[in-house]
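Only one chain comes next, encoded as structure tokens, the form predicted alone.
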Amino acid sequence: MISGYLDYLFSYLEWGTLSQMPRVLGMMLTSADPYFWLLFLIMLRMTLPAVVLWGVNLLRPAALLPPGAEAAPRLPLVSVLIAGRNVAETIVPTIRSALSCGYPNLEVIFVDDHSSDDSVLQARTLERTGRVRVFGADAHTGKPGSLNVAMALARGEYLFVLDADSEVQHGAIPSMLAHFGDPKVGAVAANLRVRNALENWITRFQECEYALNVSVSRLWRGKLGLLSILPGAGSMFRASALRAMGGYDSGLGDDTDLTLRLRKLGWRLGFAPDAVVWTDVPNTFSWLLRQRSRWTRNMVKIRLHKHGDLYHPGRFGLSNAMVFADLFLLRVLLPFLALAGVVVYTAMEPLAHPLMLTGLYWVVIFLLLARLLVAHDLLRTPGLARLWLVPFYPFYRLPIRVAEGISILRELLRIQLWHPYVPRRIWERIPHW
């Protein structure tokens, strides 16, 4: 029985079924199945913004240029803030990439979060350049606390926060500064690209994922004022805006928290697609699942608990409410609805709709391919050699969605709230919602 059921499942992927697609599409468009239309609306929501963005670039490419670029300051001092713990292998290349990124008026400040390796010694080999300062903390305070120390030491008009295992591409800083010609812009996100994309199949899939969910998504979100996060791996802030908020919350402070606090104060957030920062991604699936579980849990912790009031358009504006609603729908509600649908259909009528499921699979693959081609055309990522992964991409995402769903449930049920990225002594001093 099991072997027959597996044969049935794999029959969904048979290329021969493509010859029946006209009939299958007719069945799909006339279907009264609410689960099918739910999935269709999800796919439409995921695909339409990328297609519209491609059309805008085709017809009016100037519309994608940063606002206020003509009035952007020329050479203000930029402070590059790096916080890290046990990063001896990566800190020197990271600092060197900032020094050689083509922007002359910058300083680099590295705050070591009480490492047990020789991170401080490695970083101090670059202090002789006269543009690097290194501070070694005598206690582990976490990344937010270390960045607050770096901010206190910074002298720049703009603060560029960079991860200790990332590298800045030449020309990135001027690309971000162009957005600050608009005085209402408080921060700008860089375009994160996968540095170790060719390491194995897991990193290749993540290159595709970053192209869709980081590069293209942030490009259209930035244009509509709906940017949801400023990544800690590469973002630039107006120093006055960051200092007015008191910097990072050293307890429940992360990239999401800082983004929401800026949005609440009315600052505009931008995205600079030409400001590329290269970062390494997990190269094992267990590491990847742990990373995504932590990201998802923090998303729930910050958005639903600490900043649950953002849904109120009268208090914080329509854009904040739209960002909140969109992320809640896509990241919290829909995964559970999709999972419930799979369980119900498998339990009640597992063999009832083979052609429908086959057609739905190929529609998903077609739309995914279209989005990746848009990403490549607009931002030259991912490489075209990665397109062979498209038929397998849904199966790569499935275990990630399951891990994220478990993390959401654990956070909502308040199971093991503490995470080691926050030092225990700090965690015990802060309120938890």
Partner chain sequence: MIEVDQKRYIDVLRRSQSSGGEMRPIWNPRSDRGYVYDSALEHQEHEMLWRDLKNLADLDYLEQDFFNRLTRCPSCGSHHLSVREVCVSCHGPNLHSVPLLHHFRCGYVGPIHAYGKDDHGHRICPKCHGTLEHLGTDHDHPGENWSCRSCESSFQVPDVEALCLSCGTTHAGANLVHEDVFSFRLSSLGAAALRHGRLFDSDQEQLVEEGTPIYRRSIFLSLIEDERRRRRRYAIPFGLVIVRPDAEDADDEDVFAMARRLAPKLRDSDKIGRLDRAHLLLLFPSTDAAGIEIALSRLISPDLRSAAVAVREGDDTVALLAAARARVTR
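Treat the numbers as computed from the prediction; the structure is a model and nothing was measured. Residue numbers count along the first chain shown, from 1.
The next section is about a form of this same protein that is not shown, the form predicted together with its partner chain.
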So its partner chain isn't shown here. In the model of the complex, which residue out of Gly171, Pro76, Gly266, Gly136 has a non-hydrogen atom within 4.5 Å of it?
Gly136
Heavy atom within 4.5 Å of its partner chain in the model of the complex - residue from Gly102, Gly246, Pro93, Pro183
Gly246
Contact stretch among 315-323, 195-203, 211-219, 151-159 - heavy atom within 4.5 Å of its partner chain in the model of the complex:
151-159
Is the gap between Thr259 and its partner chain in the model of the complex 4.5 Å or less for some heavy atom pair?
no
Is it the case that Gln122, even though its partner is missing from this view, gets within 4.5 Å of its partner chain in the model of the complex, heavy atoms only?
no
Looking at the partner-bound form in the model of the complex, is Arg425 within 4.5 Å of its partner chain by any heavy atom?
yes
Heavy atoms within 4.5 Å of its partner chain in the model of the complex: does Thr141 have any?
yes
